[in-house]
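One chain comes next, on its own, written out as structure tokens in the form predicted alone.
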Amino acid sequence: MEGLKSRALHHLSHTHKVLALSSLHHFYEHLLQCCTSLTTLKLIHSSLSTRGFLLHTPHFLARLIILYSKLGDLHSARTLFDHRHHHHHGHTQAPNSFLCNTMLRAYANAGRSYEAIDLYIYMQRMGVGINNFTYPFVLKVCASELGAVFGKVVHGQVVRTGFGSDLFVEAALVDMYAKCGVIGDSHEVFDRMLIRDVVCWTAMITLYEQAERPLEALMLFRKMQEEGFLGDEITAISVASAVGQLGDGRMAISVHGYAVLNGFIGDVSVGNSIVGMYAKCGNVERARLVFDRMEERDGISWNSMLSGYTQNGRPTDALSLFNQMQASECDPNPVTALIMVSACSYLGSKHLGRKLHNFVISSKMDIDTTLRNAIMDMYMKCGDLDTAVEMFNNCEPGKRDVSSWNVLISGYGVHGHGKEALELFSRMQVEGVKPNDITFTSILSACSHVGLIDEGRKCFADMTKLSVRPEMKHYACMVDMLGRAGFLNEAFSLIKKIPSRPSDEVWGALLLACRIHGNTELGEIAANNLFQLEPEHTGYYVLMSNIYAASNKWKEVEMVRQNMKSRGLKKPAAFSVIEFGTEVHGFHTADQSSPYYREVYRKVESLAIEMKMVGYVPDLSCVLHDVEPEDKEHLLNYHSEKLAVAFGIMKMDQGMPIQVTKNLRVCSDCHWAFKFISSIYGRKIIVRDANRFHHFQGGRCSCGDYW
């Protein structure tokens, strides 16, 4: 095709036959329409120039400028533009609006903001008539790079030149303010508009959605429909995102219906946003249904579904979908890797974590600081602190950011290495890395895990010196640290000094401390505050119930139970997972769904007998039912973490550590039992609970019974 065009041009320049001017115009117009390469464009340019068309026909000049910019040669476009104005019969000719706007459009579409603004200033200086075609291009570049400050200046010029009520200019103003995130000005222009199109409505809806004000976004969407506008694919994407932010499952179904009815669902971006919306509303089944029906999928489609599984606590589903992704034509990217790292962290699976890390390396994926930090964090959460430390030490100092240090400080903390965490905290400052709010959360909780009270108090006092303002999470860490150590009154006094209303995490930390130290009176104060702040949070009712049960206050236990029942709240089910070879096995408390449950039950019962022979006495205070002691013992045997450890002893080689991950805090009876089991069987048992790691060996735990 390109060869034919070249021959046609060659023939035209050498023919003696004179074509009628209109036919020539027609011929060149056709050539320009079909042109798809720079080589051909340069030939057409040369032919037009030779025949003198460029001097007398601004239309062809504009078409060339547009085509050069479309084909990525902005330099030639600008040279052509300048040549026209500065070399007209040897005189400088004032540029005309049409060509200036064409050049502006080329810059705006190519995202060349500064060149566009230079040209706009040049137009003002040369007295070129700036009109309603000029402003939308100038406002477009303000929206993309220059920002609202310059946009406001242009807005002022729009008003002065009398184009404030032009539909295109108004729409560009709304879009510019919306993309710069300036809600007030955008709404002001929008409210004044006499005629609004779908683009303006969508710009406003998107503005509120991106500002995380989903209710306003959805109210605008409703108004838009009342005014007879349907919306388009971009509207559907913003509305789906707003519903996802709200987490409203019923509304999600109607947005899905809207996308199907209007034929938007075939658009891959709309499909992706519907998948993401359902996942954020917790409806992973519907998200998967939409995903499976998508005719076309891109990387975002796969990542949305993977992320949906991971965020909804279904990491095994995420892993099997990841295997499907690898078999598909879509290659995993660094975002996929981040999601999968999170799934492996959730499972606490060292085997899967290492496998994923190897995959990232072998696929030559770009491992930036964020991904490297996430992989370090994953190793740490999978119980492999040594690899996390090794990765940190092997990383060039220039490629470490504050998060890299935070991951390791936090890792030392949850593994019970408080001293190492403090040393790293000091080293970080010596190396000139400024601690941030997360650093202090990590170091304070590290001090809390091992009872380094004086050091923790000092770190908290140092916050203001290092210009980090204490936030609610830091007060919660301090209350947790003081409370665990038995300084309940000091913890309560600190709560009273918090400048704003204490959050549920602060009162929750105090309630947990009251559970550890059996302080019913202070526990009730904490619980009453919690029931006001978070009336639907099951964990707090369970903790208060624990406190009453430990003091044998069964009437009060029943009262808390009834309160939970009347609110329709259920205690979260305990769940423990253990890795065996390449498989991950899960156990619920009193689980009978595992194919191994009969032999696991037998093993647990024989373990209880073996432990009793060497001095184990069950901690019956862990049972929240007013039942006979024998029944209490029986109930304790079937805790999910005990079932997982029993499975590990049965199935795993003697030399291998048994590693269990539990979704809740390990109970004191299981903690006590694992010390005995580690001693009887000479096995290392590692348990990761909701708060930290416990390494049991030779009858002792790394937490020193302080957790």
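What we label the rigid core is the largest C-alpha set whose atoms superpose within 1.5 Å from one form to the other. In this text, all values refer to a predicted model and were calculated from it rather than measured experimentally. Residue numbers here begin at 1 and follow the sequence given.
Below: the form predicted together with the DNA, not depicted.
Asks: Pick from 475-483, 312-320, 574-582, 163-171: which stretch has a heavy atom within 4.5 Å of the DNA in the model of the complex?
Replies: Correct option: 163-171.
Asks: Counting only heavy atoms and a 4.5 Å cut-off, does the DNA in the model of the complex sit next to every one of 373, 448 and 455?
Replies: Negative, none of the three is within 4.5 Å.
Asks: Please tell me whether any heavy atom belonging to residue 651 falls inside 4.5 Å of a heavy atom of the DNA, as the geometry stands in the model of the complex.
Replies: No - in the model of the complex, heavy atoms of residue 651 and the DNA never come within 4.5 Å of each other.
Asks: Taking the DNA as it sits in the model of the complex, is residue 230 in contact with it (heavy atom to heavy atom, 4.5 Å or less)?
Replies: Result no; residue 230 lies far from the DNA in the model of the complex.
Asks: Is residue 283 near the DNA? Define near as a heavy atom within 4.5 Å, in the model of the complex.
Replies: Close contact is absent here: in the model of the complex, residue 283 is far from the DNA, nothing within 4.5 Å, heavy atoms only.
Asks: Using heavy atoms and a 4.5 Å limit, would one call residue 137 a contact residue for the DNA in the model of the complex?
Replies: Residue 137: contacts the DNA in the model of the complex.
Asks: Check each of 503, 441, 206, 387 and return the one that places a heavy atom within 4.5 angstroms of the DNA in the model of the complex.
Replies: Answer to the contact question: 206.
Asks: Using heavy atoms only and a 4.5 Å cut-off, determine which of 331, 558, 216, 197 is in contact with the DNA in the model of the complex.
Replies: Partner contact (heavy atom, 4.5 Å) among the options: 197.
Asks: Could you list which residues of 292-323 come within 4.5 Å of the DNA in the model of the complex, counting heavy atoms only?
Replies: If the 4.5 Å heavy-atom criterion is applied to the DNA in the model of the complex, 292-323 yields 300, 303, 304, 307, 311.
Asks: Taking 2 Å as the cut-off, check whether the CA of residue 421 shifts that much or more between this form and the one not shown after a rigid core fit.
Replies: The answer is no; the displacement is under 2 Å.
Asks: Given a superposition on the rigid core, I'd like a yes or no on whether residue 254 shifts its C-alpha by 2 Å or more between this form and the one not shown.
Replies: It does not, since the residue 254 C-alpha is displaced less than 2 Å between this form and the one not shown after the core fit.
Asks: By the 2 angstroms cut-off, has the C-alpha of residue 129 moved between this form and the one not shown once the rigid core is superposed?
Replies: Comparing forms between this form and the one not shown, the residue 129 CA shifts at least 2 Å.
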